[in-house]
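Let's start with one chain on its own, the form predicted on its own, as structure tokens.
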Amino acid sequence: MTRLRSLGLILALIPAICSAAAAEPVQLTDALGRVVEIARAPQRIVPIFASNTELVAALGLSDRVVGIEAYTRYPPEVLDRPQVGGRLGFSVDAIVAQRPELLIVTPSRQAMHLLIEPMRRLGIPVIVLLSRSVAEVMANLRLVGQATGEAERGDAVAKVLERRLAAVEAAAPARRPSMVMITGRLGNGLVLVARADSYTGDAMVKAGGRHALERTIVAQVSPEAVIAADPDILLFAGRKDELDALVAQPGWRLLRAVRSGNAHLVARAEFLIPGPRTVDGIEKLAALLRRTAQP
């Protein structure tokens, strides 16, 4: 009887113990080296930018998202949440109206500079993420897991994705084809390309390719530079009609990639949004490269 009474007492105390543990503050260091303290697991999160929303969603926490920015398109279950900003900036009032317990930002479009100080004065914790490589995105998953009180889940999701990336690397062809990925066109005739030192450029290498424009330090390049590089494979992040219009321009049909039928589309969401879906894109591109490498 005594043992049963003791067991019953322990079972009764478990919720209180767990609640006390959950209430303990979490202290972490974000991408800028800022030490951020979060008093309790946040149930109301505003992730600024599509990439940060996708990180939260990948951890199964879409129900905690209470605000998004105008360019968020995924996942569908968060698209009905109030918008707190867009191309013209971000509204502190709109964010505060959602009563957030955590804000997740990146430096893009001045979000970091516009929001950190007002949120600090209001006592709302902010973590800043950077996405300069695929590995950094995996680290972001773990960091968001820590910030949301779901550290084990964040680590588990990152490990699954890392295993998929390792499988891609193990199956990579011995000869890495040279590639250029066009991510946009400018009105002055220049094109935007994925730089080797960018997140997208790293994803291309992870898939098994190499950069034909390896030394490019700016995203804007001339068509002549791409034609001179003459990549084995031309990738275009966009729609088929946009790719068709591009290669119809003078000079583009000189590319061996175009002549050999190796000008291909890739999904913008998988290569330009630094989140878990990029692993899908890497796997698809890797499969394409293996097919290209076959005699």
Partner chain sequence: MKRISLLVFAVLLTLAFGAMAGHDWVSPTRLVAALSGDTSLQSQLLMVWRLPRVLAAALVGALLGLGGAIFQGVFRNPLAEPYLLGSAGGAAIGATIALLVPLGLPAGPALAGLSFLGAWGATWLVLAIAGLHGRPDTAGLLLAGVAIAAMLGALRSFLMLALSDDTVNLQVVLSWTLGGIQTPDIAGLLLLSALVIAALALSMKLARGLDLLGLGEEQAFAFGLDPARFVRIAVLLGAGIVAAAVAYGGLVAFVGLIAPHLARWWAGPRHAAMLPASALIGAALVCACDGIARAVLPPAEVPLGLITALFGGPFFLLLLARRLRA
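Positions refer to the first chain, counted from 1. Note that this is a predicted model, so its numbers are computed, not measured.
The discussion below concerns the form predicted together with its partner chain, not included here.
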*is_contact(residue 244, its partner chain) in the predicted complex, heavy atom dist at most 4.5 Å*: no
*asked:* Whether residue 142 contacts its partner chain in the predicted complex should be assessed with a 4.5 Å heavy atom distance threshold; does it?
replied: no
*Might residue 224 be said to contact its partner chain in the predicted complex, defining contact as any heavy atom within 4.5 Å?*
yes
*Contact test in the predicted complex: residue 163 vs its partner chain, heavy atoms, 4.5 Å*: no
*Of 175, 210, 159, 73, which residue is found within 4.5 angstroms of its partner chain in the predicted complex when only non-hydrogen atoms are counted?*
73
*From the list 83, 91, 220, 108, which entry has a heavy atom within 4.5 Å of its partner chain in the predicted complex?*
220
*Using a 4.5 Å heavy atom cut-off, indicate which stretch of 189-197, 130-138, 115-123, 145-153 touches its partner chain in the predicted complex.*
189-197
*Quick check: do 33, 51 and 99 each get a heavy atom within 4.5 Å of its partner chain in the predicted complex?*
no
*Who in 227-264 is close to its partner chain in the predicted complex, meaning a heavy atom within 4.5 Å?*
227, 228, 230, 250, 251, 254
